[in-house]
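Here you get one chain, nothing else, as structure tokens; it is the form predicted on its own.
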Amino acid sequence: MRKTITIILLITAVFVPFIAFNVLPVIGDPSSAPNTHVSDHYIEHAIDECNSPNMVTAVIVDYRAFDTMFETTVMFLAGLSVIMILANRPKKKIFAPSSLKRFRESGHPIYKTVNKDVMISIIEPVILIYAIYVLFHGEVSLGGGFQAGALIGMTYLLDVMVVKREKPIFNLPKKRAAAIAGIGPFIYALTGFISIIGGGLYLEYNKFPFPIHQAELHSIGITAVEIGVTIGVAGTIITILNALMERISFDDDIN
């Protein structure tokens, strides 16, 4: 009965706002704001106003930076939710290997065929270098914080699952990873407060209290929030991976 009530409340919480509040334009409506003037403004003024030739980055972390900040926060909360759900393990001691150890001992083809030395010396450093490139290149071309964070998380996954060593490339237990994941949204939010200190609105980059040209201030603001997104995404992915790999099974029903 409790589960049924929970499901009903979740469905109600999701669908009632869509029924009660008709604030979003109809998809494909030629008279809606995106199809009349908003998109044209982005295309015509993104480079001048945001100092970014990449219009996707200009829209996501400049024009609608406030919205993206909460998207990053939602990812962080997702990581915390995974920890809280999977942390509910039996209190009795379980003398059984974790999911990670069982994977290594199973003789999986991936684990058996990958050269560990190549992974450590070549593949992982290249992925990390590419993640940094994607982060700082996102302002002018394809890339950005979300992609860079995913690459860092993938490097961690390869290191802990394929390379057999006591300490992974990042020594990040789930609690520390969760703390790092929270630093990402904090950096993002702090960037907005810096613009307020300069007399502007929240996340109004050209109001930063720095003696630099306004165009460059936009570049600094975009880079700062992208760094926050990268840290938040990478920390969240690593947090979820750690929580999953520490479990023996989904129910841990072992005598």
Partner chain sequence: MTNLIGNTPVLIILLPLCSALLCLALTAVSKNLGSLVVKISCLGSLVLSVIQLCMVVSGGTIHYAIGNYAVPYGIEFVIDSLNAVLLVAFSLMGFLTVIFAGNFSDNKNHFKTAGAYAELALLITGILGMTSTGDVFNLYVFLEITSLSAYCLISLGGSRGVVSAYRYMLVGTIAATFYLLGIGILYATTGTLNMGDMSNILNEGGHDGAMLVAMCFLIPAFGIKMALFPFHGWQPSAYTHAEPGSRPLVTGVMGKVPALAMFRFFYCIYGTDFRFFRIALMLLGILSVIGMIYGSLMAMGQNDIRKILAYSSVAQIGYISLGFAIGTPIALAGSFLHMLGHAFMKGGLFFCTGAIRYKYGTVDINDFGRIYKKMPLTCGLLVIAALSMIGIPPTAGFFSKWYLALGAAGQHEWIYIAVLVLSSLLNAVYFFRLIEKVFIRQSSDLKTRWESEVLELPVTLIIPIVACFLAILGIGLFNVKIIDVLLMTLEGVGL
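Numbering follows the first chain given and starts at 1. Given the structure is predicted, the values throughout are model-derived calculations rather than measurements. For clarity, a rigid core is taken as the largest C-alpha set superposing within 1.5 Å between two forms.
Here the subject shifts to the form predicted together with its partner chain, a form of this protein not shown in this document.
The three marked residues, M84, P185 and G199, each reach its partner chain in the model of the complex, with a heavy atom inside 4.5 Å. In the model of the complex, its partner chain stays beyond 4.5 Å of every heavy atom belonging to I212. Remark: K174 counts among the residues lining its partner chain in the model of the complex, judged by a heavy atom distance of 4.5 Å or less.
When contacts are judged by a 4.5 Å heavy atom cut-off, L217 does not count as touching its partner chain in the model of the complex. Its partner chain is not drawn, but in the model of the complex it has a heavy atom within 4.5 Å of A178. Contact annotation for 127-145: no residue has a non-hydrogen atom within 4.5 angstroms of its partner chain in the model of the complex.
In the core-superposed comparison between the shown form and the other one, S32 has its Cα shifted by at least 2 Å.
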